[in-house]
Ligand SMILES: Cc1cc2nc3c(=O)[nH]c(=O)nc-3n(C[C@H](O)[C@H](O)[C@H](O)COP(=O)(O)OP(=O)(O)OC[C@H]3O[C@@H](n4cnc5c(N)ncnc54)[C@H](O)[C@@H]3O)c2cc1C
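In C-alpha cells, one chain follows: the form predicted alone.
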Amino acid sequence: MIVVLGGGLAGLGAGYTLAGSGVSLLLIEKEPSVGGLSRTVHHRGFRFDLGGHRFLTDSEELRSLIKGLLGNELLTVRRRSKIFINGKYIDYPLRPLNALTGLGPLNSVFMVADYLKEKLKVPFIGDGSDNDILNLEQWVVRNFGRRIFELYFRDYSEKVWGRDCSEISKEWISQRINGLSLGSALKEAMLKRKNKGMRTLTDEFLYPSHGIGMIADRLKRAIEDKARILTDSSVFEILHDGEMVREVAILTREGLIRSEVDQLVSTIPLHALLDIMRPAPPAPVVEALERLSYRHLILVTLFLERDQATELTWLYFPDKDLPFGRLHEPKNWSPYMAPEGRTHLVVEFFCSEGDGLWSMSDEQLEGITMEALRGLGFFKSSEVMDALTMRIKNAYPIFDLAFRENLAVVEDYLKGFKNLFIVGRTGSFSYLNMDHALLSGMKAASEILRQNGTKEGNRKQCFLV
C-alpha cells in the first residue's frame, strides 16, 4: 500500500500520478475537504480562497493537465495590483509614471539614485555576485536601493514575518522575485516588453471560474475513480524500524484503522510528521526541528451589499498602522465568486500563535477590519452584511538566518528512511508556488513508480525531470 499524507496540491499531485498507474493507494486528509491552502470556501452564496491564488506555470505538461481538468471553466484574468503607501495607491509591479505621481518627484529621484549607487558598488564588492548577501534587507537594497526598501519592502516584510528584515534569509525573497530588480522593472514598464520568465511582472494568470479549489476537487475526483481518499481523518502514529516506515494508524469518522506501508509520501508539516513517528526521532533532530517555525494566517472576510469595492486583484498594505497586510476581492477574479449585486473582501493578517493578533477574538478582528477599511472609503457601515474569520496554521515556513542549517539536520534524519518522500510547501519546509507544489508530489510519485518498475498507463504524467 502506498500512503499519501495530506490532501493539499502536493498530496493530490502524488495521488493523481499514482492512481493513474493502478497501484494500491490511500490518501489521508484531516480536513473535511481537500485542497489545503489552495481550497475554496463556500459561505452563503459567496466563494473565496484562503488568500488569492493565481495559477502560473512554466511546465507545458502541467498546464495541459489543468486545462484538461477544467476545460472552458479556466479563465484568463488580468492582474491589477496596487500598494497603499503614504495614503496613495501605487501600481505593483512598478510603473514609472504612477510611481512618480504617487510618491512624488523627489522620492522617485531618490529611488533611482539609490539603485544606481548600489549598482556602482557591485564591481567593488567581492566577486560581484550576491554571495556576500545573507539577509532580506541586504538583498533588497542591492537590487532596488535603500529608498524602496524603506518605503515598501521593510514594513511589509516585517509585517509578514514578524521579525526584523536583517533576521530573514535572502532565500525567501530571491525565490519569490527571482531576477527582478528596479532596473528590470523600469525596463519592463518603459519598453512595454513581456518578460515571460519573470513571474512577478506577469500581467495575466489563469484562474478557475468558481475558485482555485476547483483544481483540487477535479484531482480528487480523478483519484477516487481508482483509489481511496479518507477526509476528516488523521494519522496519529507512524511505526518504523529506523530504515523503513512499516505502518500508519489512522483515526477516521468510523473509528481506528491501521494500514501497512510500502511507500509513504508526506505533505504534512514537519513538526506534525516527526511528532507521530514511533520510535521518536533522536534528541538533536527534535532540537533542530524546534528551531524551525511557521507563520500563521488569519482571514477576515467582509460580505458587502454593493456590486464592487475595488477594481483590483490584490491590494498590499505595508503601513504598520494598519494591522492587515493584503486583501483581494474575489469577484474581480471571477464574476461567479459572489451573488449578483454583492461582493466581498478577503483580508489577510499575518501572525504567530500566541501573539496579539492570534489572541484576538473573531469579533475583535472583524471590528478592526471593518473600521480600517470603512475609514479608507471601501464601503459604508450599512453595506456590511456579514463577516467570517478563519485561522490557518502553518501557512508560511519562516526562513530565518539559521533555517537552512536546522532543516539539514531534519532532512538528514528523514533521508534515512528508504520508503519516505517529503514534498509540498509545509512538508518540505519550502516556499513553493501552486505549480511547484503539484510538481513536487508528481515527481515523488514518478520516482516511486520508477523504483517499483510500474507502467504508468495511458496518462502522460511522468513529471520527473
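Bear in mind that the values here come from a model prediction, so they are computed numbers and not experimental data. In this text, residue numbers run from 1 along the sequence as written.
Separately, the form predicted in complex with this ligand exists; it is not shown, and the next lines address it.
Shown alone, this chain has one stretch from 391-399, 257-265, 303-311, 140-148 that lies within 4.5 Å of this ligand in the model of the complex by heavy atoms: 391-399. Contact check for Asn433: a non-hydrogen atom falls within 4.5 Å of this ligand in the model of the complex. Although the partner is absent here, Gly213 sits far enough away that none of its heavy atoms falls within 4.5 Å of this ligand in the model of the complex.
Contact check for Glu411: no non-hydrogen atom falls within 4.5 Å of this ligand in the model of the complex. Proximity of His53 to this ligand in the model of the complex falls within the 4.5 Å heavy atom cutoff.
The putative spot formed by Asp319, Gly325 and Thr369 is not touched by this ligand in the model of the complex; no residue has a non-hydrogen atom within 4.5 angstroms of it.
Residue Ile28 is the only one of Leu65, Leu420, Leu407, Ile28 with a heavy atom lying within 4.5 Å of this ligand in the model of the complex. In sequence order, Ser233, Ser234, Val235 are the residues of 225-259 having a heavy atom within 4.5 Å of this ligand in the model of the complex; the partner itself is omitted from this view.
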